[in-house]
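This document contains two forms of one protein chain, each encoded as structure tokens and listed individually as structure 1 and structure 2.
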Structure 1
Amino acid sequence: MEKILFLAHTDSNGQLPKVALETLNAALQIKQGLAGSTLTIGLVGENVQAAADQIASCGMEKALGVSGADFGMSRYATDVKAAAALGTASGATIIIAPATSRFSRALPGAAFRLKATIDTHVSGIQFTEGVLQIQRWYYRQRMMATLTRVARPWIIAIDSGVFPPWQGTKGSAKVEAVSVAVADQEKRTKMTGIEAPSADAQTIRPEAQILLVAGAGWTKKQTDGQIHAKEAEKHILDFLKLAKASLGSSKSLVDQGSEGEAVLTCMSHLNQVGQTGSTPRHPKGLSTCCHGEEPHVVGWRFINERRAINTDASCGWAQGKADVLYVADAFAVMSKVNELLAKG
């Protein structure tokens, strides 16, 4: 029998972010899988009532909240204190939380204060002979482990896109306030805003159905001996707009910025996919002018259907890394693809 705490924070609108609703489903599955367990909700935010009401019908035993102006912003010192206070107040043995950027920063500190263990980037749960096991990847998506822990409390941070979001009716939840005093020392950091990496249109769209990956080939000399960076950028941006795609990049392409070569201004390191980049989740991915080397392709672990366009028939994508490899000039293909998409 476990005391489960579903721990979440509100977003800028005072609601729960989608990944929190997904994580709530994970918490409910764990409650169901471990007979006799209880579920407490713990919320952090400037005002947590609306978020508690949003999930009032989820089957919680109790709702706890840390709220106030100090908890409206994403800041380590106050978030870690709030999370630890909710952990203590709930007496939780298992804490399930969404791996938002805010909690990814704070939860490990809360684990330390609670003398808890923690696993992050959890991408699955299962029960074996009544024991909760989690799945997570090691060596940047190279191998998957199934593991459990005996020590409690155990904090489990769930990645986005793993569980379907919880859907249920709103209600009115009674939130028990957990008071947390904040010292001046804990307000040395202030969040001053959110900034897009460049003035250009938002190119990273986690909810997109398709990921377009651009590789360094786009800025290499083509058969006419010339570099066509402007044209490349147009094909890429047109596709993003027409297919409502998210934009990923190889490392080589985004590194060119710091190494003084031709660059695509729509790209930054934030777009980089792979070993030292991101591992986005999308149903489909189209790779263009990218060789498909292993350190790049590990970032495609959660892309279900994969296609690639490359002039080189023996590139990495041909080695079982894509479902389809089109051996062709991406400039020509993408120009035509955009033309067809524009026709609707």
Structure 2
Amino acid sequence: MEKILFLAHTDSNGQLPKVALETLNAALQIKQGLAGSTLTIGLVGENVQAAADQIASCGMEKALGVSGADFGMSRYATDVKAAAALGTASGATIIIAPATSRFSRALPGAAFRLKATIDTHVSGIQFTEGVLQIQRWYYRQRMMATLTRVARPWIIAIDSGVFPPWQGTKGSAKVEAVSVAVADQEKRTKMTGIEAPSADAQTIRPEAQILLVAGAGWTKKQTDGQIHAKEAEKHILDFLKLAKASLGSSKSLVDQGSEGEAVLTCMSHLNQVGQTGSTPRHPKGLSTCCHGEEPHVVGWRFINERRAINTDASCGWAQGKADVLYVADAFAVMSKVNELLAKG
């Protein structure tokens, strides 16, 4: 019989973030797929009661919590101890956790302390003859592996956007406190504040419904023989603001600055989507002035609806890589789209 531990940390509001609710859904599927297994909830945070109440109706056997001022912030030393303590207290054989930046740092250390094996960036689960198998991508999401492990404990870190968030009613959960002693030297790292750009300046929005990807065509000579980089940047930023979209880029565009070509100041390598960039999971995506080459398109494979704008009717997007291809000038199209969005 497997003992499953759903391990999560609270956010700044004392609630569970969306990725944790997605992971809870995965944990419940694993519990259902492994006959006779049990589910324990393990929470880390300054105060975990509100988070426990948030998922009280999920069908857990019990809830454990490591709480206090020392565990409210992301810190490797205390997060490792908290995760290891919850793993020990629960007696878990399988630990399911969200692959947040906080846990991605701490869980490998916790695995070492628990003498556990760990798999990170898990993108799927399945069962074959009652055996739990996980899926994860390799080589920039070009090869997918399906594997299982017999070693226990087994820690599985689930990537965001893989499962739909758990949705259930709030309740009242009884949380059993797990005591963790923290030495002074383990509290040397302190969070003094958060620096973030204004909402309008933020271009990377993982929760956005739309991903706009800009290609190198925005900074090339247009029909009048001139480059209109400033105008292109205005079209792009206006769309991000009006549609609350996230911004991506092809490799050629983010690399142009080092080649002495015109660049968009709102773009950096952090926006890069593709084989050497990120693999976002937005519901919809719109590619503009990109040709749809395979290294770039590979980053789009988890976008549910893909559309593209390109003046070349035979570009890569037309070869079955986009659901809809608009053969048109992106400057004209985005100008009209922004005009319509502005009208509401």
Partner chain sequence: MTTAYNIIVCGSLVPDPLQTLEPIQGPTGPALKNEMMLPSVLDPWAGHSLFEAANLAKQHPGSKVTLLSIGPKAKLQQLMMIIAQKVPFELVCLDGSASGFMDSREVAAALAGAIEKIPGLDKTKLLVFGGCSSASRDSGTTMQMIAEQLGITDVFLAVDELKFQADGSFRLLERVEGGQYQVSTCTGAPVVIGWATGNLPEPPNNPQVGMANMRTIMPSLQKAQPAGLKTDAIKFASVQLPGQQRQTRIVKDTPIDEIAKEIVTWIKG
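Everything numeric in this text was worked out from a predicted model, so none of it was measured. Structure 1 provides the reference sequence; residues are numbered from 1 along it. Here, rigid core means the biggest group of C-alpha atoms that superpose within 1.5 Å across both forms.
Visitor: Choose between structure 1 and structure 2: indicate the form predicted together with the partner chain.
Guide: Of the two forms shown, it is structure 1 that corresponds to the form predicted together with the partner chain, while structure 2 does not.
Visitor: Aligned on the rigid core, do the two forms place the Cα of R113 2 Å or more apart, comparing between structure 1 and structure 2?
Guide: R113: C-alpha displaced by less than 2 Å between structure 1 and structure 2.
Visitor: Could you check, with the core superposed, whether the Cα atom of A318 shifts 2 Å or more between structure 1 and structure 2?
Guide: Moves: yes, 2 Å or greater.
Visitor: Could you check, with the core superposed, whether the Cα atom of D329 shifts 2 Å or more between structure 1 and structure 2?
Guide: Yes, because once the rigid core is superposed, the C-alpha of D329 moves 2 Å or more between structure 1 and structure 2.
Visitor: Can you give the C-alpha shift of N271 between structure 1 and structure 2 in Å, rounded to one decimal, after superposing the rigid core?
Guide: The shift comes out to 2.3 Å.
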